[in-house]
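One chain comes next, on its own, written out as structure tokens in the form predicted on its own.
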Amino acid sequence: MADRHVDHLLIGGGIASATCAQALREGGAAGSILLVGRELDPPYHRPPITKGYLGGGESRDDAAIAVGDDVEVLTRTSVMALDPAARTATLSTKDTVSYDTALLATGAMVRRLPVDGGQLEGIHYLRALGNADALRRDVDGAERVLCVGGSYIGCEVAATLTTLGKRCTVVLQEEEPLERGFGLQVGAWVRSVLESHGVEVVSGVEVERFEADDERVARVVLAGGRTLPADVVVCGVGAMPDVMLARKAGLEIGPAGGVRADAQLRALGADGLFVAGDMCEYDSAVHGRVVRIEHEEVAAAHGRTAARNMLGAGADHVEVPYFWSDLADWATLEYVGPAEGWDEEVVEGDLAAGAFAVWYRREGHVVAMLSAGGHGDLDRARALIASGEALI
């Protein structure tokens, strides 16, 4: 026997669960909603961790997501076991909760850099507000910050800390920052933005090890022997879907490491259980294939679709994924897609001036679009991606 029953159980304290709770109420759900998250804080937006909150311009309250007073939120609480057949969950409080419908949205865990010296003081990974707090304290007396990784985290942190007067270096394996998602043209432009504001970009290399002075990181040694000084290191080298609970529950894990779901975000083989966010690997009605996409805006969209289907809508998830990234106040990138691959890039506007759009096409069909400086029509891009029409 369960200790208690709820109509809707939301597992995970991030934006997918928070948005699902909002959408359930907006959709007319009158029953009980329990949101369970292991973090210290109630649900909040994660982008400020590398931008406004890290830089001191936003508070915890600014980042918070309101879910409503009629939604019960348990922080510092984990779901230790999930039984999809019995529709029960066992919490770290030892209570067993039964549910009518549930959302599994446990997010992702940071990928650690497996090199010598990786446990030294002064090496940081960013996933939660507490991580940003620790980094802010650490950089107070630092001069030189080294960011490992040329994706969102590395570039955003370097931009934010540069505005605080720190000397920042970004080290990346690729030829250009953000190249994997946006291609070499945009990557070269991102490099120019960073470098024009004093950020050093060291590309095409891997970190071999970290070296210390008195147990604290002092140097980063690159493959090939080059050594870079560093008072603080921030690693942004990817994330892994957090599927530990799902594996224990016997749920199917897909080739990309996420929990498999159908086009309506229903967990395969588990009635009443839905999946959302970074650990959701679903049959995309838009992309025509199974996808797993990591981004807060995508997790929020998943939460809305899951809520509708928890209320019986039976609707496929058809929202074209949207991304955005700020490099301090230097540049804003907006993107719809994502493109798994493309054979042509069509540039509109002035790339050198930072006001441009890049259309990514495969066999003549639009698969993604990037907008910088507010240039380009994101709504048109969404429509073309969804329809599969060619760009004229």
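Quick caveat, the model's predicted, so the values are computed rather than measured. Residue numbers run from 1 along the displayed sequence.
Just so it is clear, the following notes concern the form predicted together with a small molecule, a form of the same protein that is not shown.
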Exercise. Check each of 107, 149, 187, 122 and return the one that places a heavy atom within 4.5 angstroms of the small molecule in the predicted complex.
Key: 107
Self-check item: in the predicted complex, the one of 153, 251, 207, 178 near the small molecule [non-hydrogen atom within 4.5 angstroms]
Solution: 153
Quiz item: Can you say which of 207-215, 284-292, 71-79, 114-122 gets within 4.5 Å of the small molecule in the predicted complex, counting heavy atoms only?
Solution: 71-79
Quiz item: Among 38, 242 and 245, does every residue place a heavy atom within 4.5 Å of the small molecule in the predicted complex?
Solution: yes
Exercise. Give a yes/no on whether residue 323 approaches the small molecule to within 4.5 Å in the predicted complex, heavy atoms considered.
Key: yes
Exercise. Examine residue 49 and determine whether its closest non-hydrogen atom to the small molecule in the predicted complex is within 4.5 angstroms.
Key: yes
Quiz item: According to a 4.5 angstroms non-hydrogen atom cut-off, is residue 159 in contact with the small molecule in the predicted complex?
Solution: no
Quiz item: Can any non-hydrogen atom of residue 16 be found within 4.5 angstroms of the small molecule in the predicted complex?
Solution: yes
